[in-house]
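Listed next as structure tokens is one chain, alone, in the form predicted alone.
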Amino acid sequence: MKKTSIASVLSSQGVLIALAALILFGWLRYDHFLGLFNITSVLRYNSMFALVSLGMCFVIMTGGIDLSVGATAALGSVVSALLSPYGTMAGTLGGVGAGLCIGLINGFVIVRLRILPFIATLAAMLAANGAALLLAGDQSVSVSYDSGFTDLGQGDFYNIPIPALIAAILYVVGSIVLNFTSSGRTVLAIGGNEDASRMMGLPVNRIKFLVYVVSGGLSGLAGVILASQFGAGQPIEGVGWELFAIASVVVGGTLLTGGLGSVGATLAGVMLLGLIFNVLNFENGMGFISLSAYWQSVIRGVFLLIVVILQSQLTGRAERVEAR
């Protein structure tokens, strides 16, 4: 096989190959790695990251960035916990509504005021983080166990964790929107060349605004699941979630410059990162290594850097081949 063909395969299918290899490694090395308890635990916990990564995927495909997803999820968890005594619906709508508010602010500042997404979402991250701490009184907020709110995060539907089922449905919807609607094609067109998209008469401002609103709403939903799964609104839990989301999107092959991406590959990126930490936990249990939770941030940063470097090399090689 030619080098260019290998590079093309790695660029498009690398995350699936790596995910399959990691699953095979875990199955051969650890007892109960593919047991029902471990599978459901991984799916339940990583559903929150899957939701914020889905929103981030659409944002990055437009050539933008959303640094506020983690803080927005934390805010959503606090709001939903405060409203949980009024029932599951109230808690869910409150958390998602809080996320939508942050998304609306991001979209307005970026589209109407023409502030760079990095600066706008950084400011939103600080504001959302402060709002979460203020509402929570600088402490965790316990949820109501009598209203059924915790069933959303802790319940199962035919042995499938409800959070994972919610994430799966939204990924199917996201894939349909991206691949079979004019809005999805516009998202990719904006990331490819925003000026050309405007000249073609595409609704650039409307789509850019919507992707930030959707990202905020999905982050708020992730916060709802966080609160219902762990029994408390966590005002500081979302720290570093934006890095996980960006890493998952980039690992899935979406270009940081926009114009190219895949919803399905993003989900594979989420599962790959989630299983990496799951494998590390198994290794900790076997006593071969002993890594604290703080090492996860180190590993995420190094992993993201390596993937971005590889993506840059593969993209550059493909462009050189096309130039010939």
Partner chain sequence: MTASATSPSVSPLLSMRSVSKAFGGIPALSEASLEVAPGEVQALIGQNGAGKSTMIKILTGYIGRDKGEILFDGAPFEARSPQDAQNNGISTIYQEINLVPFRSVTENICLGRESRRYGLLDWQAMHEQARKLLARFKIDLDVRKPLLRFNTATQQMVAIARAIGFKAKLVIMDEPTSSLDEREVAVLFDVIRQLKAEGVSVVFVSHKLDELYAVCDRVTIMRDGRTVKTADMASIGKLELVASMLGRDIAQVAKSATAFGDRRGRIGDVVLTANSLAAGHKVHDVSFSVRRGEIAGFAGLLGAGRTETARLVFGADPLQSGALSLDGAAIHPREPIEAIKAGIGFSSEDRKLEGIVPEMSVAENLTLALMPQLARAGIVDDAKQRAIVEKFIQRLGVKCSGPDQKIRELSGGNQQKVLLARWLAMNPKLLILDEPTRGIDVGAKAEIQSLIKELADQGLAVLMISSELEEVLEGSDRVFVLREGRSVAEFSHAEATESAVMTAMAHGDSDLVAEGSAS
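Positions refer to the first chain, counted from 1. Treat the numbers as computed from the prediction; the structure is a model and nothing was measured.
Although it is not shown, the form predicted in complex with its partner chain is what the next lines describe.
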{"property": "One residue of I169, I119, I176, M89 in contact with its partner chain, assessed in the predicted bound form (non-hydrogen atom, 4.5 angstroms)", "result": "I176"}
{"property": "Selected contact from D146, D151, D195, D138, since only one has a non-hydrogen atom within 4.5 angstroms of its partner chain in the predicted bound form", "result": "D195"}
{"property": "Which of 92-100, 224-232, 176-184, 69-77 lines the interface with its partner chain in the predicted bound form (heavy atom within 4.5 Å)", "result": "176-184"}
{"property": "Output flag, L188, G201 and L260 jointly within 4.5 Å of its partner chain in the predicted bound form, heavy atom basis", "result": "yes"}
